[in-house]
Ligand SMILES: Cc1ncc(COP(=O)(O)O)c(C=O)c1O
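In structure tokens, the next block holds one chain alone, the form predicted alone.
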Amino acid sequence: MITPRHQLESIPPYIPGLSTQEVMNRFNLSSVIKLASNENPLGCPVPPHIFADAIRSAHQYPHYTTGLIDQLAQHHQVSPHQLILGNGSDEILQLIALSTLNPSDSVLTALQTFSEYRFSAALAGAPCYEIPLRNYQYDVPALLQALNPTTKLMYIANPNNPTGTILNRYDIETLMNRIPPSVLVVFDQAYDAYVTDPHWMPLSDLLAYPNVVVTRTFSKLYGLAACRIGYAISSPSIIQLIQKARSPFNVNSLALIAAQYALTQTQFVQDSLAMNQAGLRYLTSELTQRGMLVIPSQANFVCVKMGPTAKQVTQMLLERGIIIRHLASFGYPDFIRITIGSLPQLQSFVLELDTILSAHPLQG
């Protein structure tokens, strides 16, 4: 029998939630509302003919080094040499680990955060130390206290998934001013565009630290989750280091062309952000009125404490055609995460939730 590398023994394989079609088939439903994966409720902004153009050249390898990288460089006012593309930002997170970690090194991150960080560490054969959140956000003093001579890499989801909280400018300055330059700090900013906090640290200030990498994705705001495309920004020397672990042509042509088109769709972006803010206000108000703890979110989802019935409520909603995320895998068994969908979607969610809670009141 073939056994896995020992670093992977404690890592369960990633199992995605049920698709809308699977839910419809399983529970004999005619429609389903998916509020589990933080996808854009406005859909994909790329028209079919753009994808058709890419398909016509599908017999050729993708042009990785031009086009999107130049466009992103202009968009963020950085050098093209400061950018690397990935098959989703997940791949970038793995490439960072594979290009920097030795088995004698270690990784530091939070306990209740995106599981890709511990998985990336395990792939590289390095231990990962996870610090519990404090007040539902990364605990900067505890992270600094946990630093040791083996610490090589730190992953920070900002905003954090699943809580939607952020480290603001003061928090980041406190952290970075005490981090040794030998520690690479990765700020995973999958949800950066949704942040409205006035104390958010802008990209240019974050990149002023020489040991920082910022990762971003087209899966959320830009509606390209199925295309799998993300990127990282850092100093040219760090990007060159990460490039060593990248496989050739790791991003496909459809994704490259779709991302280039999506970057030009400013009205789609504005509409998406406006819908998110309206939905965030509505859902926070409705759930708070029902006595639930809603963690203030700077993302396109809310994290809600439901108590011991969280798993049961999630399953009951699923059977009614509403898909949300139970957060036991994040270390929060009493919590759920709800994507900010369109207002009609959120109203349907609240209606079904009320029906369930009338028969099964919240506990704890």
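The first residue of the shown sequence is 1; numbering continues from there. Here the structure is a predicted model, which is why all the values come from computation and not from measurement.
There is also a form predicted in complex with this ligand; it is not shown, and the following applies to it.
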| property | result |
| --- | --- |
| Ser219, Thr109, Gln112, Asn276 - the one with a heavy atom within 4.5 Å of this ligand in the model of the complex | Ser219 |
| Position in contact with this ligand when the complex is considered in the model of the complex, options Asp171, Asp139, Asp90, Glu130, heavy atoms within 4.5 Å | Asp90 |
| Close approach of Ile96 to this ligand in the model of the complex, 4.5 Å, heavy atom | no |
| Exercise: Tyr194 in contact with this ligand in the model of the complex, heavy atom 4.5 Å | no |
| In the model of the complex, Thr165 touching this ligand (heavy atom, 4.5 Å) | no |
| Tyr155, heavy atom within 4.5 angstroms of this ligand in the model of the complex | no |
| Stretch from 233-241, 114-122, 172-180, 96-104 whose residues place a heavy atom within 4.5 Å of this ligand in the model of the complex | 114-122 |
| Neighbours of this ligand in the model of the complex among 161-181 [non-hydrogen atom within 4.5 angstroms] | Asn161 |
